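The chain below stands alone, shown as structure tokens; this is the form predicted on its own.
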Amino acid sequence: MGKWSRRAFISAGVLAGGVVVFGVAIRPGNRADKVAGLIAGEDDTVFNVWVKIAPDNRITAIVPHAEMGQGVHTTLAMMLADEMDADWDLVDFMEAPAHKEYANYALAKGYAVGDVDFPSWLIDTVDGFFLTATKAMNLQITGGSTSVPTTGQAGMRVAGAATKAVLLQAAADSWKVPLTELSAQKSMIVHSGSSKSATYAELAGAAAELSQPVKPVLKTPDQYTIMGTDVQRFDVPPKVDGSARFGIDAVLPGMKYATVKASPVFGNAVKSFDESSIQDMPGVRKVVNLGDAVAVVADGYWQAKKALDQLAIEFERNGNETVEQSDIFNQFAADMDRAVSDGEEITDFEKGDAGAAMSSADSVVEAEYRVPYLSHAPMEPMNCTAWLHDDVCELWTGTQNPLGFAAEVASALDMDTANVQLHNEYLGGGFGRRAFPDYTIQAARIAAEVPYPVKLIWSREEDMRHDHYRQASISRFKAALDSSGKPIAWINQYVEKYDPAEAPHIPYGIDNQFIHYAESKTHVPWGFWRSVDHSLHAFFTESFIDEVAIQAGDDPYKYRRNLLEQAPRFRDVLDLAAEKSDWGAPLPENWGRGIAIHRSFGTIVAQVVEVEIVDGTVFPRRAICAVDAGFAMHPDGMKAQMESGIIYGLTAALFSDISIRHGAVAQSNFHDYQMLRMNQSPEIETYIINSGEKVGGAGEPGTPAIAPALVNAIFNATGKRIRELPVRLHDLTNEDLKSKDVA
């Protein structure tokens, strides 16, 4: 852990408005004077400051990440407070403003270079480069399960340790005692040789004048007092009592409401509309042509929606109106075939000589898998309140990239980014959808046409039909087995590669591998979806390895385990999941048990699912999750994220299917894009391994393994191998399914 201190130089702040500010300086020099006023409400300039100390001895962690249910405000504050030896009862948080100085340089650096140990003299240059780059990209993103491993480790912990160091030094200087005789305890400095003690607030002014240590000493896990404990999350009480503010809760004096309708076929422009058809409807204020959509502004949302439903709109045609879902899968298959026949495979990963091993195999297993497009379907639909006044555009919304959204709106309105003020609220679900600024830009453009604030709310139908979708895909496999059933070659071809790059890679000890893909673009807009490419590749690879195990005549858990001899961390997680699930124990009739393991965002997750099949319907009854994220900073939060990821993944695997008909999305609401209900949810058990390895993420890793574990359990119960999601498309009513493998 100590090397995290070599990631940044530390600088202290100045006393401003009774608040002392400490932060991480990513270039030489004291930067806190630029941010103290903003944090204390006196200045609009911010520079990567993570903590402030108020006169009442309360500590506030400045968190540059959005809260969408993952608990990031709490966890990052814990990391800072622990390194400060703060009294948790005196710790608050503040979400950082949408300002260039809060660009996520720590996130970008951690993602790009990981644990590279730069020499001290180079650190400020490297950090300066990443700050400059993230400023240029307006990057203030929350996503990729990166907040704790990057901002938490390289920002909050380092700032906390440096702040404690200068507080200790200030006390030593004031009391004329050796530094070694002092200790920090619950937001106080205590002298062991006398009765002297002082609060952090009492020492803050003097501490702010001191030079910061270049490499503050960070705690080791055995020294943690807050990290690794289950403190109450900051966001839970306001969500329980109803005081939490989400984007959709914004209310301004004189505010009107708007809703929009875009072309059902992606990308078509507005051709014409007859405004006279709604001019006499009550409450209607204005119709705005956005070019690719039409908005109606009214006194209330329902009035705007009723008018928009009645408004006759004609859209241009772009040639995609005849595209069906079957056409898209046929295109994928053709492009995959062409890539192989023309020798145009794009190599993803290659090891050994898979082709030669395949030709000498004792047997070969082949399979093809398919997944559909998926919508994010957050419970809070897209919304943004916009108000243009005094050459400023103010926005109230929930976004995963506040700075980026502000810049996009500024560009759309031809304004300076500094004149766009975005107030970020709680997100009622993000999952990657709220990283795209389309709804915010629409709200700002509508507000530019009227003299009052406007709250834009997308209907559920618009939200589902104009999402940025997880891609549909096909994945083809071949595995060569020797005479003992051990795989000696693994060949995998799939369609389209997004992120992360390692998603299709496998942890198993197979000497010859060739993983490649073909490009096959469609008109359907792509977007980040919870765990991104891991969400589909885990289903592909972990379903297929199950097939290989069955073909080899082996137990799926034991087969995997034998292939993980060189991956002990994976093996430990797999073993724990199997142990806690009572793997191998008999199950009731019509029940099945399946297992899967996958690593994503630095975290290894193994899951076992038990299902019951009743009259052809699948009921997940139990889900066992073993997770190794290196160290669980907030164990209860880790468990909550695993549960959330499992529910999200089960919903997609069982029910979700965005299909294209006549070029447009066929689904429109939760009646035809079903969610997993409480009475359908399994009992979920989560077991955490603190391996001490590099800290990984938690928000997404719970999702990838659940779909393959589910379909593997269905096979175990019925003998039917499901290779295309969602499960609801398959007939499981045949009573003699289990007596024969109909895979």
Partner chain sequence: MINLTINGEPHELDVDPTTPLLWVIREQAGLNGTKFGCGIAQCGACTVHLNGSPIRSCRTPVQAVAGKEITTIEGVGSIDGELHPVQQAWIDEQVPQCGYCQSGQVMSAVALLAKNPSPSDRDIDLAMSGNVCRCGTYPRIRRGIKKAAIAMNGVADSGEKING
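No experiment lies behind these values; they were computed from the predicted model shown. Numbering follows the first chain given and starts at 1.
There is also a form predicted together with the partner chain; it is not shown, and the following applies to it.
Checking 369-377, 552-560, 414-422, 565-573 against the partner chain in the model of the complex, the stretch whose residues place heavy atoms within 4.5 Å of it is 369-377. Contact check for 315, 498 and 660: none of the three has a heavy atom within 4.5 Å of the partner chain in the model of the complex. For residue 202, no non-hydrogen atom is located within 4.5 Å of the partner chain in the model of the complex, even though that partner is not displayed.
Not displayed here, the partner chain is kept clear of residue 717 by more than 4.5 Å at the level of heavy atoms in the model of the complex. Under a 4.5 angstroms non-hydrogen atom cutoff, the partner chain in the model of the complex lacks residue 297 among its neighbouring residues. By the criterion of a heavy atom within 4.5 Å, residue 241 is counted among the residues contacting the partner chain in the model of the complex. Interface residue among 475, 75, 153, 651 relative to the partner chain in the model of the complex, by the heavy atom within 4.5 Å criterion: 651. Only one of 388, 665, 427, 357 comes within 4.5 Å of the partner chain in the model of the complex through a heavy atom, and that residue is 427. In the model of the complex, the residues of 622-648 lying within 4.5 Å of the partner chain by at least one heavy atom are, in order, 636, 639, 640, 641, 643, 644, 647, 648.
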